[in-house]
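Next up is one chain by itself, shown in structure tokens, the form predicted alone.
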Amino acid sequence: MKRECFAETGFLGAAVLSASLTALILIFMLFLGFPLFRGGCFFTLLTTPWNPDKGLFGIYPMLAGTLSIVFLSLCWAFPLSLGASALISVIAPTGFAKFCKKTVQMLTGIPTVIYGFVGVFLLVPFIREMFASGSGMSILSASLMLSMVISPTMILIFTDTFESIPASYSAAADALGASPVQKLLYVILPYSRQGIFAGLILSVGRAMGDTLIALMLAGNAVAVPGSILDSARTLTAHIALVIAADFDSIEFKTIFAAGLVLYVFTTSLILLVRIIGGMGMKNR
């Protein structure tokens, strides 16, 4: 009994500590970014360009670059991840499916900087030669490599969702003579739609929070991108590049605006996943 009480207290303390640290981070960013709110320029920063020579320190180009790279990376990663998950969970023989899943699990442990190096030495020259435009460091290069970073996590989430289908559903489909593809289309995917959506949302958060891929492959241009072959700078890369600026300058304070935007996006995504999870539990 004492052991159970000790474990319960420990888990409660860990939960309180995690929540407190998250709240303290938000308070820290709000405190240091308060001059931006007090001066009424926080929302102005979200809609103006970055041009220090003209006294403009808006993060709109970084916001546009972030959303462009994240959206495009999801366009590459989602069909790849969904197909790989279907192969592992439904179509492939058991032995090959286990091998594929172990391989995907191994890919999740590869440091992001390794993906970045591969992108710099292989993907960027390929994009540059293929399109004969620019340096090759562009939204397209960053999104392609970022899709490789987020795909393993998305595959594992989708696979776990597919494998959580009740055995009675699968048995009923088999009894009706359904092929693996028919079972996937008419039983597994409809049942798993909430889990798929939750995995997609979590992958958006993972993509938005990545720094190294954008820093190494996107080109870090501070102009609003006009095409996927243009260079761009993300919010995370902006924070990494501006962190050494004068602490009292408006340039330095923009990193707190970028941090708050990322924090709000991430918090919203987590809440959305919680809501979807709650809806899924009620439906079951």
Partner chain sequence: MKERFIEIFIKSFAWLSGLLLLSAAFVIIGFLLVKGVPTLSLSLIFGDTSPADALLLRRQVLTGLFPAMAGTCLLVLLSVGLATPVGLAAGIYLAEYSRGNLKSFFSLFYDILAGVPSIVIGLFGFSLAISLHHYVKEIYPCLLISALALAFLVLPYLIRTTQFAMESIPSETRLTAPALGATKLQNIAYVLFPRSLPGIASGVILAIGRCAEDTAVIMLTGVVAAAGIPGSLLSAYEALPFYIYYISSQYRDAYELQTGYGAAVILLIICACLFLAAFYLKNQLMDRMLYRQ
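No experiment lies behind these values; they were computed from the predicted model shown. Residue numbers count along the first chain shown, from 1.
The same protein has a further form, the form predicted together with its partner chain, not shown here; the description that follows concerns it.
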Which of these stretches, 65-73, 51-59, 25-33, 221-229, has heavy atoms within 4.5 Å of its partner chain in the model of the complex?
25-33
4.5 angstroms heavy atom contact with its partner chain in the model of the complex for L146:
no
Contact flag, I155 vs its partner chain in the model of the complex, heavy atom cut 4.5 Å:
yes
I'd like to know whether P111 contacts its partner chain in the model of the complex, with contact meaning heavy atoms within 4.5 angstroms.
yes
Considering non-hydrogen atoms and a 4.5 Å limit, does its partner chain approach I201 in the model of the complex?
no
Only counting heavy atoms and a 4.5 Å limit, does any residue of 253-269 reach its partner chain in the model of the complex, and if so which ones?
I255, F256, G259, L262, Y263, T266, T267
